[in-house]
Ligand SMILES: NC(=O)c1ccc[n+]([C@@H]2O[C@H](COP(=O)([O-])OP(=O)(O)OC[C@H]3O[C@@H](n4cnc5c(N)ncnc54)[C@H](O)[C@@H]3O)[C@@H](O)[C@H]2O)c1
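Take a look at this single chain in structure tokens; it is the form predicted alone.
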Amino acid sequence: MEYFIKDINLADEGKRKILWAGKEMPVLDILKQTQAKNLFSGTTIGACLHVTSETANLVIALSECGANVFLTASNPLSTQDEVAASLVKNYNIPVFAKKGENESEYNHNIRIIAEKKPHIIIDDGADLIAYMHQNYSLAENILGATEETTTGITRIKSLEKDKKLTFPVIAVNDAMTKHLFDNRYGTGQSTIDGILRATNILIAGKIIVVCGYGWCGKGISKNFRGLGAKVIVVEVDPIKALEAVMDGFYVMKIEKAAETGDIFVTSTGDRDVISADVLTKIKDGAIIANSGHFNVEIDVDYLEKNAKEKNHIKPMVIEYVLKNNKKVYLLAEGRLVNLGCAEGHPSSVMDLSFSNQFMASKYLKENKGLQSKLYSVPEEIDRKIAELKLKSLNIEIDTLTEKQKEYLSSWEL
């Protein structure tokens, strides 16, 4: 058995976590139980995902339906070591990941997955997809890939625009049953969970600055407000900024917000959101966290080079004393705070996301010869997952009568 994990003896603890998460993932379980056990027979799937108990349920479902699955981490801090150990020992699934791996180890593990020459890639952030494009000789078996997150979709769109995308990719992130729920409710709750676990501070009465008002930013902002915080939104898109205003939030430039914010959270997918210039203006004692996929939204390099003092206050909390004597507290090294300081999204939300991943992989398996472009998740898959989720919640909805259908399909009064 191949693996790259810290301690195989954590396996039993990991199995309990996997089973606990599985209780909240009924749609994925239904798919696993109702699809043919040989659905992915002869198919190698390379997965580059956050190695959590929820991800474990996805790769187990794929494996039990015949896939040969290899898993690595999509972030150096997001791996739950006990889950990695359990997948290796209890489920015979090779895992190449450990929490806190360095950049060299991280890249080495991605290379291992690529060298398995997978037929299907399941990615989160597009690091594995990018590696396959840089080493295309490894992509000879590829049927296609699926991408989980907004940041990854942005990278793939760039590949497509430059006419360099060499195999089909399904934008799982853009499925309605993914981004409307995972990004808004999952990120909205888990980001605050990470901040609270790291700091144990009271949110009520604090001034929170949320950078970015996409679906993730919306969820973060609304959850902070629900805990009694005063929320400022920073945006560059006039439509999203207007939406934030209409939703009842303050909207201003980051330079102005820097002077008053107690906690700053980035969720844009872009670099240098909290730049060196912002850090020189930031309020003394401010807490800074990132909820975007990559660790580029906060200028950590500036803090490292210009702080006159650096103190490790507690796990995943670093105090930087700047030259002007102001103190700034960075969480999770500027990486994903919800996974670096907590356990990521709740299982019931990931049930929707990973059911999309399962069905998108099936679609790639059954539709060979797709063009090398970015595809949306087929609407019938999106709706089926929503229907199964409602069924699992014992919720019934109405259906249109034939007269109603006829009325909606006609232009005549």
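Predicted, not measured: the structure shown is a model, and the values here were computed from it. In this text, residue numbers run from 1 along the sequence as written.
From this point on, the text means the form predicted together with the named molecule, which you will not see here.
Of the heavy atoms in residue 235, some are within 4.5 Å of the named molecule in the predicted complex. Put simply, residue 94 is far from the named molecule in the predicted complex: not one heavy atom of it is within 4.5 Å. In the predicted complex, the named molecule lies farther than 4.5 Å from every heavy atom of residue 106. The closest non-hydrogen atom of residue 339 lies within 4.5 Å of the named molecule in the predicted complex.
Only one of 323-331, 85-93, 150-158, 305-313 lies within 4.5 Å of the named molecule in the predicted complex by heavy atoms, and it is 150-158. Annotation: in the predicted complex, residues 183, 270 and 293 each come within 4.5 Å of the named molecule through at least one heavy atom. Checked against the named molecule in the predicted complex, the candidates 212, 118, 261, 144 yield a single residue with a heavy atom inside 4.5 Å, and that residue is 212. Put simply, of 283, 197, 98, 240 only one has a heavy atom within 4.5 Å of the named molecule in the predicted complex, and it is 240. Although the named molecule is not shown here, in the predicted complex the stretch 215-230 places heavy atoms of 215, 216, 217 within 4.5 Å of it, in sequence order.
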